[in-house]
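The data below hold one chain only, encoded as structure tokens and taken in the form predicted on its own.
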């Protein structure tokens, strides 16, 4: 299955890249990068490092260096991540030898999806939706030409960067709201509810390392780093959600999600306490039709099987 990945490569995006290259049922057509987990130049460098480690000559186009409207994240990164060791520069991967392609990610996305030859390609977004919002604004017909958007973002329950909001939607809420309101024919949202329901553990890292591939070893190291800095269950078996690869797992294992809901979704762009919150309206009397499928729970068994197959190739 062909896909374009739009990402803000931190550790879980890097694992998604490695899995997307390695899985026999997936074919990455391109990667576009966006400001998010780290500044754009580091996102792009991390992306190239992951692709080089996987031995993949996938074209990379750099995109938006700031949110759609705001000059910076709602809380500037140097304040938000002060003294944080969660996102490492370079991700512990070897330096990149490949280079980013000329041209901006936004016109690339427009040209790619307006081309009838790419009508079978899925757009996967694992970072803030800035590039996609800009592409849809540049070419409104694009909303009819992207056959499916699978994105990691939002939370139906608690957020992670605030009590209400998940990072990707919080980092550029206006972009998220713009994308979700354009009428794309198929949108699948993978929020924290799903990703936290199937966390990974130290023994999972052991299993990946036993696969003996560079991709599996790198993914295990990245997950171990997350275990040290982003534990979901510190009082029991240490575990951590690894969000972004779930979007790619869903492409080849639609049985990954064991609970979903069709709903009208929107994103809060003005709330003092709720900025970036994903609103999932499932009321039978809601005034607006459903515009997305929201995953609420995932199978850890299916997710682990996907990672082993993708990273063991």
Ligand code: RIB
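Given the structure is predicted, the values throughout are model-derived calculations rather than measurements. Positions refer to the first chain, counted from 1.
One more form of this protein should be noted, the form predicted in complex with this ligand, which is absent from this view; the next part is about it.
Novice: Tell me, which of 118, 160, 98, 181 has a heavy atom within 4.5 angstroms of this ligand in the model of the complex?
Specialist: Among 118, 160, 98, 181, a heavy atom within 4.5 Å of this ligand in the model of the complex occurs only for 160.
Novice: Just one of 192, 93, 222, 134 has a heavy atom within 4.5 Å of this ligand in the model of the complex. Which one?
Specialist: Selected residue: 192.
Novice: For the three residues 13, 126 and 166, which mark the spot I'm curious about, does each lie within 4.5 Å of this ligand in the model of the complex through at least one heavy atom?
Specialist: The answer is yes; 13, 126 and 166 each reach this ligand.
Novice: Should residue 109 be classed as touching this ligand in the model of the complex when contacts are defined as heavy atoms within 4.5 Å?
Specialist: Close contact is absent here: in the model of the complex, residue 109 is far from this ligand, nothing within 4.5 Å, heavy atoms only.
Novice: Using a 4.5 angstroms cut-off on non-hydrogen atoms, would residue 46 count as touching this ligand in the model of the complex?
Specialist: Contact check for residue 46: no, nothing within 4.5 Å of this ligand in the model of the complex.
Novice: Verify the contact flag for residue 37: yes if a non-hydrogen atom of it lies within 4.5 Å of a non-hydrogen atom of this ligand in the model of the complex, no if not.
Specialist: Although this ligand is absent here, residue 37 would touch it in the model of the complex, with heavy atoms inside 4.5 Å.
Novice: In the model of the complex, does residue 200 have a heavy atom within 4.5 Å of this ligand?
Specialist: Heavy-atom contact with this ligand at 4.5 Å: absent for residue 200.
Novice: Of these, 109 to 117, 68 to 76, 166 to 174, 201 to 209, which stretch puts a heavy atom within 4.5 angstroms of this ligand in the model of the complex?
Specialist: Careful reading of the contacts points to 166 to 174.
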